[in-house]
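The chain that follows stands alone, in the form predicted on its own, written as structure tokens.
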Amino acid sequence: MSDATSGGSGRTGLSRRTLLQGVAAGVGVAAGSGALTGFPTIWAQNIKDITLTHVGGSYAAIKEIGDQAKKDLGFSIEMQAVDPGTQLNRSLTQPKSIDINNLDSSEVVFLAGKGVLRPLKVSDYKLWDKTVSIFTTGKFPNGGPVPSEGISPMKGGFYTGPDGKKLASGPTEFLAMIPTLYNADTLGIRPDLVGGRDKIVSWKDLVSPAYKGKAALVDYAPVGIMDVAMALTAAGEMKYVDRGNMTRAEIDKTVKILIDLKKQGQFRAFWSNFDQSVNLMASGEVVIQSMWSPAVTAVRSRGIDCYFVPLNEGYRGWFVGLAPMAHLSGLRLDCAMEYLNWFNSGWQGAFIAKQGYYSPVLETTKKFLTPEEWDYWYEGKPAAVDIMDPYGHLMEKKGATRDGGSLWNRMGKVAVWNTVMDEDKYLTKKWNEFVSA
């Protein structure tokens, strides 16, 4: 790493990190005037000219977040939203086209040891001691262990050493990425089209004949297979040793059941992006499906009832983080580190809270939400006021309660995590056979 990251000093007697912090603080008011007291004007100009490319899913690579970072830090962030396949392909074949990689846990597994990501020292991240314990120790606040089926935060959050060649199975001094958001996912339903919010209470309803032709799955094998595993387990059709790491025999049997269901007309669609999932649900073509929290929000913002069901068997958990790319150096690396440290400092956490996501640093996020917003999103209390989405649109009216309740009522019921299996290539092959059957 550069001397800025390691705390060394340059010829001026100040580290580049110190210079960067000083310039970033004043660049908004003084960059154009050359009045940056104590620092050469050239630093302000250099920072103004820096643009970091932040690549990730549409749920996280959001223009407004980049715009706010520029206001606070003085350099530019270009947000590029892509699908998981495109992101992985670029990461491996065009790594220098990305500066900040916005990864979910399954993507980290594919990229670890490939030399494209830069390992991070825990000591270089300022907010680690304020980060929720599921990421730092693998335990819930009550001391209970976080479930390990799938890629849990302990399996996808750390490297064994500074070379980043292998993911660790527990905490080390080297982060694979800085955690930025997480959630407990379940199924989205249309209560008005299924007979009410209490009509669907189990994952098994995803494969129930009652919703033949009205169900949909996410067309991404590492995630879709976990929704399917939850449904088939609940329906009593499958028993797995580890749903997060199936054997070939388990994959074969699972896919055979899925193909039979598809031929019977169970599935209306397989969606691959956010907008598709929203449109399927909003149109009523689908009444039960794999869904993301902000997609539920988007449907509701259209005045259509959509519900994220707290199912009896628990939730599918996932987490996302930011990793700088290995090619970064000098001032660009310094800016990247400033951006990573800014990301969980509050503004971004409050923004994504209004989409239904959780921040790993509760203390800073709470400062950027109103008490009423905090009570609704994090405490699970009835809304004391109308609840708006991040763009100022009405999402919930006064008196509404968040699906599933408080943060730990939801996250504490995670049963499995998004995954990458040892037999991932085989799973992908079989999943594609299912989708095209």
Partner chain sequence: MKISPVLSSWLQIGPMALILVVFFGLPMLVVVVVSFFDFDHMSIVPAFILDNYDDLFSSDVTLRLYLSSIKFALIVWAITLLIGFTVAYFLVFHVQSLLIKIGLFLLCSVPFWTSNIIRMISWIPFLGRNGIFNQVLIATHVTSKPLEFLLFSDFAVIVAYVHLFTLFMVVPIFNAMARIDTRLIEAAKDAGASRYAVLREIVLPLSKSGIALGTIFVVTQVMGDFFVVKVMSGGQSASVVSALSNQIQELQYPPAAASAVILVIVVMLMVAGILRVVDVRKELAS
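Since the model is a prediction, treat every value here as computed from it, not as a measurement. Positions refer to the first chain, counted from 1.
Just so you know, the form predicted together with its partner chain exists too; it's not on screen, but the next bit is about it.
Among residues of the shown chain, Phe110 is one whose heavy atoms approach its partner chain to within 4.5 Å in the predicted complex. The closest non-hydrogen atom of Leu280 lies within 4.5 Å of its partner chain in the predicted complex. At a distance threshold of 4.5 angstroms between non-hydrogen atoms, Leu92 is in contact with its partner chain in the predicted complex.
By the criterion of a heavy atom within 4.5 Å, Gly213 is counted among the residues contacting its partner chain in the predicted complex. The stretch from 262-270, 159-167, 332-340, 201-209 that comes within 4.5 Å of its partner chain in the predicted complex, counting heavy atoms only, is 262-270. When you look in the predicted complex, the only residue of Pro141, Gly196, Gly236, Gly284 with a non-hydrogen atom within 4.5 Å of its partner chain is Gly284. A heavy atom within 4.5 Å of its partner chain in the predicted complex is found for exactly one of Pro153, Pro222, Gly321, Gly150: Pro222. Taking a 4.5 Å heavy atom cutoff to its partner chain in the predicted complex, the contacting residues in 81-96 are Asp83, Gly85, Leu88, Asn89, Leu92.
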